[in-house]
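What follows is one chain in structure tokens, specifically the form predicted alone.
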């Protein structure tokens, strides 16, 4: 298929080889002229974006320096005829409750046709540092409620839920486990229940490390990706979403 000339793009074929069995129900992705794509999350998505330009679709400063920047450039080039509007509204330090508090302005008000969410690492990191007391169940239930609210307001939205990930280096040590794995599993459960596309970031970072690179090559502190890490994320995202 020629990506540059499709209005209807099917994610199921490529995603089926990437997703865990629990999240294989993948909708077709249909982009129309003028569609809005929104990236939401914490500092990994934020990636030093410029808040002053956040209302300007496709603005390089607004997109930050991370995977949304990589993806926006690729998508705008490959689908030039569609006139896509791509936004990044990730905010450093955010947890699920923080997303919920700003959801009307920073998500629902933008009316995205495709919404990509990566959230979860701060929900455990802040707990480990004594700044938050949320349990994995609070993360799961809050995330589920946020998705329910989103689907009620935007019934036609295509949801993309990204797998929370860490690499065992820097700030990430044995104290993160097994709770992080529980939270990662809960994110997959939320995606499955919502019929969302699942982007397997942890799986692909694990494969990259097993192939011979050190964890710090992909994320020096174990959480925030390097340039290579963000590029890998963009590659995995496109393979999973299919656009």
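Just so it is clear, the structure is predicted and the values come from calculations on it, not from any experiment. Numbering follows the first chain given and starts at 1.
Just so it is clear, the following notes concern the form predicted together with another copy of the chain, a form of the same protein that is not shown.
Of the candidate stretches 37-45, 184-192, 170-178, 54-62, only 54-62 contains residues with a heavy atom within 4.5 Å of another copy of the chain in the predicted bound form. In the predicted bound form, another copy of the chain sits within 4.5 Å of a heavy atom of residue 74. Interface residue remark: residue 106 is not counted as part of the site for another copy of the chain in the predicted bound form, having no heavy atom within 4.5 Å. Residue contact check for residue 218: one or more of its heavy atoms lie within 4.5 Å of another copy of the chain in the predicted bound form. Though the partner is left out of this view, residue 204 does not reach within 4.5 Å of another copy of the chain in the predicted bound form, counting heavy atoms only.
Within 4.5 angstroms of another copy of the chain in the predicted bound form, the stretch 217-233 places a non-hydrogen atom from each of 217, 218, 227, 228, 231, 232, taken in sequence order.
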